[in-house]
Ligand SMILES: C[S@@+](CC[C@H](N)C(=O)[O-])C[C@H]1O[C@@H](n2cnc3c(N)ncnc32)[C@H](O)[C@@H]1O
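Form predicted on its own, single chain, as structure tokens, below.
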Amino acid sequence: MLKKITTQDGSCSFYDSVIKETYHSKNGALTESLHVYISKGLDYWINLNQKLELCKVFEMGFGTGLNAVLTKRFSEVNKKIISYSSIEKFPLSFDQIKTVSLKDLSPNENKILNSLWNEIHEISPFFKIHKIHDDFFNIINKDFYDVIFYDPFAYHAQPYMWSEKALKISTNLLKKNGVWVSYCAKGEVRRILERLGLCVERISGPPGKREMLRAIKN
């Protein structure tokens, strides 16, 4: 059962009463996504790879589509071509997403949220999206990405998504020098990533969270 909540920065999210977890931080859904995925993930990679024309992003957990919308906005502001793929086993309906989405969505941002799954959609000259309706554990490596947004529910709600098996799938999708980023700062997750050969750092987290993890594939 999903319940709409308003987070501290005024943006909205859902609370799932079955797993007893929110889709985003109560301290600010928009603030969290901008800090963790856009600033510390995407923008970090862009600054390291300014000569590359294309950035390929993979998101684990489409959820409400907030990260995808913010990435599209980043691509247009920075004139950077981004190919965005996102996987979701249990997609929310467009009507559900609309109840918590940002209030200033443009028509093509609405298209991100209501476009058909398992098809590639050209949203703007700088952004295209492939929403994958499938189980993350079914992924077969056919493509590799510059940035991974690892955004499942928290460890206590979905511990299997933070297992070595799951984390290995996600890091196998990374290109060399690719960036893996998540709101999570759990020590066991950091140690698994290090065992998988990534260079892991704890960096400042979003409001309400002291730290988060960012990892680079060498």
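Don't overthink the numbering: it's just position in the shown sequence, from 1. Since we're looking at a predicted model, the values are computed, not measured.
Another form, the form predicted in complex with the ligand, is not on view; read the next lines as being about it.
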Among 169-177, 56-64, 38-46, 185-193, which stretch has residues with heavy atoms no more than 4.5 Å from the ligand in the predicted complex? 56-64
Sole residue of Lys111, Lys89, His130, Lys98 within 4.5 Å of the ligand in the predicted complex, by heavy atom: Lys89
Distance check, Glu76 to the ligand in the predicted complex, heavy atom within 4.5 Å: no
Using 4.5 Å between non-hydrogen atoms, is Asp134 touching the ligand in the predicted complex? yes
Answer with yes or no whether Leu30 is in contact with the ligand in the predicted complex, where contact means some heavy atom within 4.5 Å. no
Wondering, does Gln158 line up within 4.5 Å of the ligand in the predicted complex on heavy atoms? yes
Using a 4.5 Å cut-off on any heavy atom, which residues of 24-47 would contact the ligand in the predicted complex? His24
